[in-house]
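This document opens with one chain alone, in structure tokens, the form predicted on its own.
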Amino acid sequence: MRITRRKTFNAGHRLFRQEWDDIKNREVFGSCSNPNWHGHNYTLFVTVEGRVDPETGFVMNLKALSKLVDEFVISKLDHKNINLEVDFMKGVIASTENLAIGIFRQLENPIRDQGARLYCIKLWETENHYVEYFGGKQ
């Protein structure tokens, strides 16, 4: 059985490689490499799976899941600059793909400690763009 919790956050970032000049970064990343940053209203879906507990009827208590997502993800990302302020994104290109991987890594063990398994992170960056990460090797 799988269950999903939805959360939202706002964050800014810039796609760039420090070793490239602004011209090369603009060629590769387009307007997302604006040196003055840009932001998104992200929608995050955290899906966990496991057996339904016969005592509670839950795969995982959604209040507990919500608290974990707030503590390990939302508090670190909401109204932050992903490149400069987010500990788990230090030294990583702040793409949606890398952000989903980082979020997965933040949540995998805390969710396991609650008796469930993190199945998937789905992260919507815009209404036309989202990624899904299932925890496979990069």
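A residue's number is simply how far along the shown sequence it sits, counting from 1. On a predicted model such as this, the values are computed, not experimentally measured, just so you know.
Note that the form predicted in complex with another copy of the chain isn't included here; everything after this is about it.
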State yes or no: in the model of the complex, is some non-hydrogen atom of F45 no more than 4.5 angstroms from a non-hydrogen atom of another copy of the chain?
yes
Quick one: does N10 come within 4.5 Å of another copy of the chain in the model of the complex, counting heavy atoms only?
yes
With the partner left out here, check for me: in the model of the complex, does some heavy atom of I74 sit within 4.5 Å of another copy of the chain?
no
Should K90 be counted as a contact of another copy of the chain in the model of the complex, where contact means heavy atoms within 4.5 Å?
no
Pull the contact list for 31-47: residues with a heavy atom within 4.5 Å of another copy of the chain in the model of the complex, in sequence order.
S31, C32, N34, N36, W37, H38, G39, H40, N41, F45, T47
